[in-house]
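As structure tokens, the next two blocks hold two forms of the same chain, structure 1 and structure 2.
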Structure 1
Amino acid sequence: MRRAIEKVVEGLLTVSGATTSAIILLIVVFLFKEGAGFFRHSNVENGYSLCVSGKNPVYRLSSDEIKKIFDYEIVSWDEVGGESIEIVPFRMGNIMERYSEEELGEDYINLPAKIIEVTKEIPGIILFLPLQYIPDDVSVKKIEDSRIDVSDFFAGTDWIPTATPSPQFGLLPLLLGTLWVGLFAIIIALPLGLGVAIYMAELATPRIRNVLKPMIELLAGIPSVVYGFFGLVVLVPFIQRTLNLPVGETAFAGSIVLAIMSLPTIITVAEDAMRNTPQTVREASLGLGASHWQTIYRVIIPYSLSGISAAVVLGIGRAVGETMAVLMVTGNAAVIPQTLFEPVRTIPATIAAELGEAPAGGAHYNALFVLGCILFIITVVVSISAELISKKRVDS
């Protein structure tokens, strides 16, 4: 009987252990499944298609070309491989202007015929139409559906997911925004965090350390939305006033908030690393006549360098993945950042801000999962490199 219970409990424990690993695999599977769906979408809005005249030799357009055509940046067909004819973009609205409601008939029953008519009149036309109205006629040619291109995504410079006819999913402004904010956060946090870590590991009396340590834990425990709120009501107006900016919601505000938030990680990991310096090494240095400070920067810091690097890497990981605080203080403009003092948008903030509006299963929804995959990959790389860096010390 007792042995049976033992076996049951052992089975239960094994199942629990396996479940945890299974959950991680599940996260990976779901994230990447939804993300991969993105590259199966057409580069034109769902349920619509682009048509040109049957005589037009162009049969394919990239999403960037489509955007430029409808923004009147590309004005002649010879720029996209056709003849030298002026491009005339037509949306449903233009057709409504051209024909009266009576002419189009009930439920737009005459619309396909009118489309044929207008296409014959204007040879350089390009029409953006709902699929059901596309006429079945040789004079109107559908532009071939092409899928969203992987390189368009990774090298794209515009993130305009609601653009019609061709939504723009360019990763670059978001990725650079994330790295930009994260980089400056670390530049601010590193000297501060290292200074405190040195103080706590080397200078503070046990009594002071016992006060400082819980305070840093508290700093780590404050919810990110409270940091965001604090940044919004204190930091943002302050930055706007003192630097005389049009808006206070800038990359700079995000960097400061992120710096404060990554301080506990940097301090704790770096302090642990310095405390792990063997007493003998320290005493040898002091015994040779070095001052305490010389011992710190010539012996203890070099000795714990791998641990300090791990602290930096983990701090960056924290900064890159932070969502709510950044969402609240950076202004969320999806542009490639030029200076610190303009709004930027990071990857996590984009997901948080847009997922609610993206219909499940659409290109936009899947695009946000691709962003999630990228974040996931970044954090896995961060934790593996932090592990490798701190292991190095043990080996050498």
Structure 2
Amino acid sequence: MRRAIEKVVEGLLTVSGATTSAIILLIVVFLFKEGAGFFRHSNVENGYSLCVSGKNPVYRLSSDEIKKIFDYEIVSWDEVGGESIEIVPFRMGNIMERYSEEELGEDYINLPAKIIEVTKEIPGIILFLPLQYIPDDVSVKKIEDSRIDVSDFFAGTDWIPTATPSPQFGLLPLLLGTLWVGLFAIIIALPLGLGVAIYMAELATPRIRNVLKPMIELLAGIPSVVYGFFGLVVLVPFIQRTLNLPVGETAFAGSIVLAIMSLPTIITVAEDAMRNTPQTVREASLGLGASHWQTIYRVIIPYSLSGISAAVVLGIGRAVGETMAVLMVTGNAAVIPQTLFEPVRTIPATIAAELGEAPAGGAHYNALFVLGCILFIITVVVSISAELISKKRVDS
């Protein structure tokens, strides 16, 4: 009977492990599947196209060129491979201003003819039009649809997914914002966390440890939105006043909040790893004449390095993946940070803020899944790096 029960329990545990692994695998596959669809989208807003004069030799434009043309940063066709003619951007609103409702007709039936007319009149024109109004005439040439370029995404410096006619999906400001905030959060949290862990594991009396440990573990259970409120109400105004900044919502505020949130994880895991050092190892070190401090940094810390590495990884994971608190205190400006005292936007905050508004299946929707893939890859790289460092130290 006992053997049968053990078999049943073993089978349940096997099924549970297999189910969990399958669910994780399916989530990862779904994430990358949705993200891969992003690079199949056109670099022009869905349902629209760009048109130029049939005599214009330009037949393709990149996302960056389209943006600069409609922002009047590129003003001549020779800058994009055409003739030396002034570029005249036209949108639907410009057509409506040029012609009266009577001239356009009911349901804009005469709009294609008017587009032909204005294209012949202005050789350097570029029109941003809905597909159904583009005339079938040799005098009007459609710019070839180009897919969103991988280099434009990974090297792009603008994240403006609602821009027209060409949405801008530049990863750099979001990636640098994430790394900027996470890096400084760990720089702040790691020495503090390890210091407290060493104190609790090796120096604190049982009475003090029994008081501190529940308090630190309680910090880990506080919802991130509470940390965000604390940062927004207390920390942000303090930073703004103290450093005389235009705004207090900065990468520095985000780093401090994330450091506070990471501390309980780093302290708890590192302290448990140190306390698991065998007593015989401590006694052997002391027996050879080492002081208490020498035993701590020459014996206990190297012996506990695997657990300390796990604490670091979990702390970095908390810092890189945190959403709500960062969303509230960093200012959400999708710009490349130059200093720690500027507003930034992180990848998790971008996903949380924009996913609800992105049309399912659209370029913006798929771009957010690509951001999720990048966040997943960062976490995996951090975990593998910490594991390799830990093994190298242990082997040496």
Partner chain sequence: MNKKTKQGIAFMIFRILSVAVAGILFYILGFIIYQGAGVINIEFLTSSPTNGMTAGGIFPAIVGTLCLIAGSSLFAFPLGILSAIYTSEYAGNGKVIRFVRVMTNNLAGIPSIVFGLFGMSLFVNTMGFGDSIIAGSLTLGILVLPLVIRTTEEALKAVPDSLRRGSLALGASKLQTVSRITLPIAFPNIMTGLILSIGRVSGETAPILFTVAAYFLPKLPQSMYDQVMALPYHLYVIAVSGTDLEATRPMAYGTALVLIAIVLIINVSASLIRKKLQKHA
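Keep in mind the model is a prediction, meaning the values are calculated, not measured. Sequence positions of structure 1, starting at 1, serve as the residue numbers. Whichever C-alpha set is largest while still superposing within 1.5 Å between the two forms counts as the rigid core.
- Here, the chain labelled structure 1 is taken from the form predicted in complex with the partner chain.
- After superposing the rigid core, the C-alpha of T268 moves by 2 Å or more between the two structures.
- Shown in the overlay between the two structures, fitted on the rigid core, is a CA shift at M324 smaller than 2 Å.
- Relative to the superposed core, G307 undergoes a Cα shift of 2 Å or more between the two structures.
- Core-based superposition between the two structures puts the Cα shift at Y297 at 3.7 Å.
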